[in-house]
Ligand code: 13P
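One chain comes next, on its own, written as structure tokens: the form predicted on its own.
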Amino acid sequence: MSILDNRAALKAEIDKVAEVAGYLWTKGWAERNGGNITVNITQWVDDAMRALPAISEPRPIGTVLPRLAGCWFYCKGTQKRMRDLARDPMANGSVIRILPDCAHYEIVADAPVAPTSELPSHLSVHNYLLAKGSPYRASLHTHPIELVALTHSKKWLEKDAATRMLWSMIPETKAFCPRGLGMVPYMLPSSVELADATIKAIDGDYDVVMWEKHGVFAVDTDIMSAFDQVDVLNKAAQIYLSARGMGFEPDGMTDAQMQELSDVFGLPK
């Protein structure tokens, strides 16, 4: 029996996770066990679900996150593949609840699958989002090929240099990713320093943050919306690199054209 049985709204959210996991694999953004997904599912937890016993001992998060007491999350499992999660999300991920001390969690369902090794950084971002009153409930980490390629050039690591170029490749980029692309210098994956730098970037201006030579971290209201932002940004990077591959530097939209787009659609300047 699954925790999703007779919980249509919760099942719909987990089905979105499975769908996105399939897209990530198909696009080549999730080699082996690469990438992570964590979704705050607290709003879909009913009284019967809250009463369920844990299927693991309390486990340390590795930090104290005061906004997460009593929160529930669906997390991709550590060492689990996105292609397998797409097929069976409850065998390749886990539902966890955060204990009242805000420093430990326990696995509730469906299988005793340990959550992603990047759980502390993902939960730190969710703690920040709740503290800010943000409606964002989903976080996605993946390895989009063309965006990662850009970070191997110092030119694109300068603040908003990549944003300006990506916006200029096709109008939809600024329309659907109006906050652009943040940049975080290379740091050890899964480190507290990387989590702190990511939160700082999100707190400043961005919903999608690029980790140099590694991948992206995106947040949004649900996992499909987070994926959409990354997909749009990577399409713009593909256009840029395709033009370069044809032997020329693309002109891109002019500042005046992008300003017109912002005025007509009420986008940030």
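Keep in mind it's a predicted model, so treat the numbers as computed, not measured. Numbers follow the displayed sequence, beginning with 1.
The same protein has a further form, the form predicted in complex with the ligand, not shown here; the description that follows concerns it.
Not displayed here, the ligand is approached by G77 to within 4.5 Å at the level of heavy atoms in the predicted complex. Taking non-hydrogen atoms only, K27 never approaches the ligand to within 4.5 angstroms in the predicted complex.
Although the partner is absent from this view, N33 contacts the ligand in the predicted complex, with a non-hydrogen atom inside 4.5 angstroms. In the predicted complex, H214 approaches the ligand with a heavy atom inside 4.5 Å. The contact with the ligand in the predicted complex, taken as any heavy atom within 4.5 Å, belongs to T116 out of T173, T163, T116, T198. With the partner omitted here, the residue from H143, R179, H104, R83 that has a non-hydrogen atom within 4.5 angstroms of the ligand in the predicted complex is H143.
Only one of 153 to 161, 104 to 112, 130 to 138, 117 to 125 lies within 4.5 Å of the ligand in the predicted complex by heavy atoms, and it is 117 to 125.
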